[in-house]
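Presented below, as structure tokens, is a lone chain in the form predicted alone.
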């Protein structure tokens, strides 16, 4: 069994047994939040790591899905219909988002996504008849698939874990598909890809749609997790956090955004209870990562392990070469 398979098996065992060794419902809920933001970060990583496109407006798409569920449920519609409506509206919003932002790349793309995100935040803040402004919208209860209530934190965690596993699998399939390979080509050599006959804009558009789908799924889980949504969810900070998760964990990897999400959420929800200036701690961690592992925690850890194994393999040979010859010299 390879090291990768052993790592995947160990990770699956840890995730499946979280309610057994994590102390208390609060920490189980924090684990659910980590999984939700890991899905969000995976969606952002599809654009950053594989498409070379940095978005600062994804919290707007996240918020569209959350508000759609909350508003639809408030109108008296069932959970299944609310989820379908949320996915449809989020994908329509993502299509408009991509059509506007993909007109340019680089800094231009960043600025357009930032502007769209701020526009959606302004709508959530000012369109009081729909969003209820700062007062937000509450969700009375969570769904009960197959008759199992998701109100207990453990039940909600396992439901979130199932969606998380499906999302990671979907991302793995997408990245390994010809479309995923084309997306990497548009990131590295867009002119050459265009000369080879690839429709660069369409490839990036499809990547945006898949990224928006993962973001919408995270937004739906988020509204059921918090059972409340307000314009605070659509702020610039909310868009920057998944970008930091991707960069800190390692862009262009499946595991990196998950590790980055775990790091940020643990500091926010656990370390903040013991450290007043937890923002400074998080900033110091990011600075340390940029200095010592600029490629991110996951690729940097792999590089470090390879270097240690290589040094360990060389150690006996170096020791043997340095050891003086024993015995009488040959005449």
Partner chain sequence: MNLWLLLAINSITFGGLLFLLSAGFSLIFGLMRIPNLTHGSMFMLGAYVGASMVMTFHLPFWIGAAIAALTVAVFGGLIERLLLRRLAGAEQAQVLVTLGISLIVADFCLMVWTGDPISVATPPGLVGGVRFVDLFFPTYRIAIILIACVIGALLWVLLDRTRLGAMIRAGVDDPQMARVVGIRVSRLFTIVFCLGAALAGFGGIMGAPILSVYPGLDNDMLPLALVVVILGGTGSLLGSLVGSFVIGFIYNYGQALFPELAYFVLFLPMVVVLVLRPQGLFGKQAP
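Quick caveat: nothing in here was measured; it's all calculated off a predicted structure. Numbering follows the first chain given and starts at 1.
Although it is not shown, the form predicted together with its partner chain is what the next lines describe.
Each of 243, 283 and 287 is positioned with at least one heavy atom within 4.5 Å of its partner chain in the model of the complex. The single contact residue among 80, 92, 128, 173, judged by any heavy atom lying within 4.5 Å of its partner chain in the model of the complex, is 128. Among the residues 207, 258, 98, 247, the one placing a heavy atom within 4.5 Å of its partner chain in the model of the complex is 247. Contact annotation: its partner chain lies within 4.5 Å of heavy atoms from the stretch 247-255 in the model of the complex, the single such stretch among 176-184, 247-255, 210-218, 154-162.
At the 4.5 Å threshold, heavy atoms of residue 111 reach its partner chain in the model of the complex. For the chain shown alone, residue 105 is a contact residue for its partner chain in the model of the complex, at least one non-hydrogen atom being within 4.5 angstroms. In the model of the complex, residue 122 approaches its partner chain with a heavy atom inside 4.5 Å.
Among residues of the shown chain, residue 149 is not one whose heavy atoms approach its partner chain to within 4.5 Å in the model of the complex.
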